[in-house]
Ligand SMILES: Cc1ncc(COP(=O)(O)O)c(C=O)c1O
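This document opens with one chain alone, in structure tokens, the form predicted on its own.
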Amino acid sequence: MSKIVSHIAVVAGDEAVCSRWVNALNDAVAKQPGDKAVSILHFLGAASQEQVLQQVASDGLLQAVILDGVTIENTSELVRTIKSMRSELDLFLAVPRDTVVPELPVELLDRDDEKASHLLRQVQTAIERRARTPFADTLRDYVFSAKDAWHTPGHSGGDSLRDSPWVADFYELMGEHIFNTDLSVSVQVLDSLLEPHSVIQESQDLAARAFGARHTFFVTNGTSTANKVIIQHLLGAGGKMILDQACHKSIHHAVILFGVEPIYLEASLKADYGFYGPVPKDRIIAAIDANPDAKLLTLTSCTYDGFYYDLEPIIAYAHERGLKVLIDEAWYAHGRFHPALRPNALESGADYVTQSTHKMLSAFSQASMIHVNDPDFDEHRFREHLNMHTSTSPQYAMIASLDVARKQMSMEGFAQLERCIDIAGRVRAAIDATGVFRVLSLADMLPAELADDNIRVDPTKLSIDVSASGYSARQLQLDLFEDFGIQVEKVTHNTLSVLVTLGTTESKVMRFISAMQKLAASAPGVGENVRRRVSSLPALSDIAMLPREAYFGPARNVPLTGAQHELNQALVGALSADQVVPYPPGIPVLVPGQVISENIARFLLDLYRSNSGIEIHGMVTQGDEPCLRIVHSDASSIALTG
């Protein structure tokens, strides 16, 4: 691997001091052997606080800042400002010996040490510590040691497939290392995900530091499982939880599994585009006040469509009332690594945060993290809950990908996200310039009731309005795939959603813009009357029965249509016994115990008939007939309170 250039800013209020330190440190770098460090350090002087803050805001190669504690005024404030902009940077404070320093996120340097090589080693050590991938390195070393495998898994590093006349093609497709990195707990040097004590624990500790948590746990079966683990930990024996009714289905699964009494918060809705928005702040506060016995508040930030809350006042209010706070941050693992995206949930005070590291960062699918900042955290009990859901045969390549994804964000997250945000702006401008398609702004997307809630939208998630084109979003999705080789993230009835991730390249940008321009040039156009006939998401209805009771109680299947293929009115007013989830985006339209309104039933029927490419999880099919499972009419119901 070629050496990487890393910039280190040296800040002093005295230009002569600054220049002397920069020259001495760069001379020390020049005298080092060529293989001394993983990166080549280049020290740059900053003679004022304004100059270093400008460098922090713009220099993607910057890895550390050295501050002179003698010639700089308001050092503590400067440290906090830098950390609020670039949390990943290593900060050093040079002070005279025996100086009493207030508690700050800095490492101390001896200002009286005349040997620049000593200071250089401290800086190098800090950067190299952040650049370590303990688990991924150990996995690589083990693979290259070519040990004979007399243990699981049965493919034995791919040996069972490689020379087979029947399945060698699969080995060739997947590649050598997908098999020889697929190992088992028999390989003790690779530690244990269920009870880590060496390289996995080291990797999790580095992740906790990078993401701003007290504790971080790697999860190899997705954020869906991560959410269930946390809810089991806090409410496994039952209790009351306040949650967004439009949250991910995994939260609703946890409600069923653990007998939780849910207090559902009706999400805001932008029916024009099929977007569920955040819950209005006043609605959250009112629910907290109305349910003083609630133990947990669960919200999603950011959403699939990119909305994220002003979380700090909401979390502070919940904590004042004794609630723990879980934030599903599946779509926002990158939020800590660019000042335009901060603060994220942990910085806003959340006790528990789940992140799908694979969604926007460089981890494999299903690779996720749980971050914990709960001051009352019981690690032993939590690990027991986690192990109930964790496979005893985890995928080691997934664990390694979490280690590597953390390293990437620690070392180049700011630079990568700066590039992503720039690409998103250029794509937006090009799409808008077609005059046919347009990228929706926050004002376009935001439900009116959220106007004063300080909601923001993630700029790396682009929602493209296709209403004026004459195409349905589903038709455009197919055209992009079949004619241009482009797969988008999701569609609603009149929007396409695309993600700008770390893996977005300039060639992909060029091809996508070109495709959209060609589709715009051939668009037939559409009038307002046609646009108004598009089906929109239904309003959420009441919950009349505990989800666990509805799901496990007596139920029957009722067809979605009647004898004349119209909507079956027998469904209207009945209670759903299942969770019914259009996917994507994976947000339930019905949960167990919810009243089936006519609007919801008609929406599901329209969606079933639309051939939109959206799966409907939870709908029962008998023969060719779609059905909903409903609570049997004589089943005893348990009314929800609050």
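One rule holds for the numbers: they count along the sequence shown, beginning at 1. On a predicted model such as this, the values are computed, not experimentally measured, just so you know.
One more form of this protein exists, namely the form predicted in complex with the named molecule; it is left out here, but the text below deals with it.
For Asn180, no non-hydrogen atom is located within 4.5 Å of the named molecule in the predicted complex, even though that partner is not displayed. Shown alone here, Phe307 lies farther than 4.5 Å from the named molecule in the predicted complex, counting heavy atoms only. The closest non-hydrogen atom of Asp328 lies within 4.5 Å of the named molecule in the predicted complex.
By the criterion of a heavy atom within 4.5 Å, Gly222 is counted among the residues contacting the named molecule in the predicted complex. A heavy atom within 4.5 Å of the named molecule in the predicted complex is found for one listed residue only; from Thr492, Thr298, Ser368, Gln204, this is Ser368. Proximity to the named molecule in the predicted complex, defined as a heavy atom within 4.5 Å, holds among Ser410, Ser463, Asn227, Ser401 only for Asn227. Contact with the named molecule in the predicted complex, judged as any non-hydrogen atom within 4.5 angstroms, is confined among 497-505, 455-463, 568-576, 358-366 to 358-366.
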